[in-house]
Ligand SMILES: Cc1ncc(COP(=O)(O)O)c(C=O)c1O
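One chain comes next, on its own, written out as structure tokens in the form predicted alone.
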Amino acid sequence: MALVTALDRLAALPRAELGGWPTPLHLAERFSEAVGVEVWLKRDDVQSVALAGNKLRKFELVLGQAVADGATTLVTTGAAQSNSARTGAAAATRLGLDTVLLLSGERPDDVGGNLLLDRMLGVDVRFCGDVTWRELNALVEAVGDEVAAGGGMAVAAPIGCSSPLGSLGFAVARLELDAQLDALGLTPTAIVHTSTSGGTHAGFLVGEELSPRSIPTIAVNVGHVLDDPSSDMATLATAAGSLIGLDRAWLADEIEVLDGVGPGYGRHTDEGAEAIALLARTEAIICDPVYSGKGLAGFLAAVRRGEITGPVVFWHTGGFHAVFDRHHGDQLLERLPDV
């Protein structure tokens, strides 16, 4: 009975209907042949709001509640080429809200990739210099006070929109996948996805608790955003579940995290470039070198170590925009393997 109540509460949450759901799930035949494992791609890279990816699932809930509460402005944050920040800006613009983006680093001379889209959307972009992501989240509160002083009401979304409410977007996503797997008669050995701020994985954990299917979910961590990824994801999942009445506390040792960081967040790796090229040259599907490409590389490394067998679902969380940033594009071009 408790699970039915939780499902009802999840379904009743205010939601800004912005995405095209369900996103496609299809067999990557040529890629599977190349890696020696049956790989199904869940295509959250295919969306309609300013080329959004997986973060749209989170913003649908966060902004749905914001609109219900009468908010006027979204304040969110991330790195200069943040997929989450750009998705939030696009979603807020679609809903008629103002947006303030607080981005790390200095304003670049060349504007490409996500920054170009941010400018096209006409949102307020502020560069905050050499600050940690924790400091960026703290700065969001100050902007909220600024908006309030001007007579508005701000809603704050942390990096990756990885709040408890935002994370529940991936509880919904996990149930969406169940329906597709049922239609295909498919039982994957695992779901693998790219992760930094932990909200996607936390939502998957809640979704699995609500699902009749038990499928291990594996996160490939590509950024030093969380101090202790497994512990922090467990805490976030517990908080997200409590919003819909789940009496479930996740523990760190229940969380499976693979390392895909390399030398640091946003820094390129040869393995990432190899993975990007392999998927592009077999399926004509694009990943970026900051986020999804490094997650794909971590997935391939686990396959080659024999830790992941098929059939497996790789959740393409989107984000190809950094490819069109001059800095990232040039670095990727130098690392791409020869044809």
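Everything numeric in this text was worked out from a predicted model, so none of it was measured. Residues carry their position along the shown sequence, with the first being 1.
Absent from the display: the form predicted in complex with this ligand. The rest refers to it.
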Go through 207, 78, 199, 260 and name the one with a heavy atom inside 4.5 Å of this ligand in the model of the complex. 199
Close approach of residue 57 to this ligand in the model of the complex, 4.5 Å, heavy atom: no
Does residue 317 reach this ligand in the model of the complex if we count a contact as any heavy atom within 4.5 Å? yes
Candidate stretches 199-207, 100-108, 175-183, 142-150, one within 4.5 Å of this ligand in the model of the complex by heavy atom: 199-207
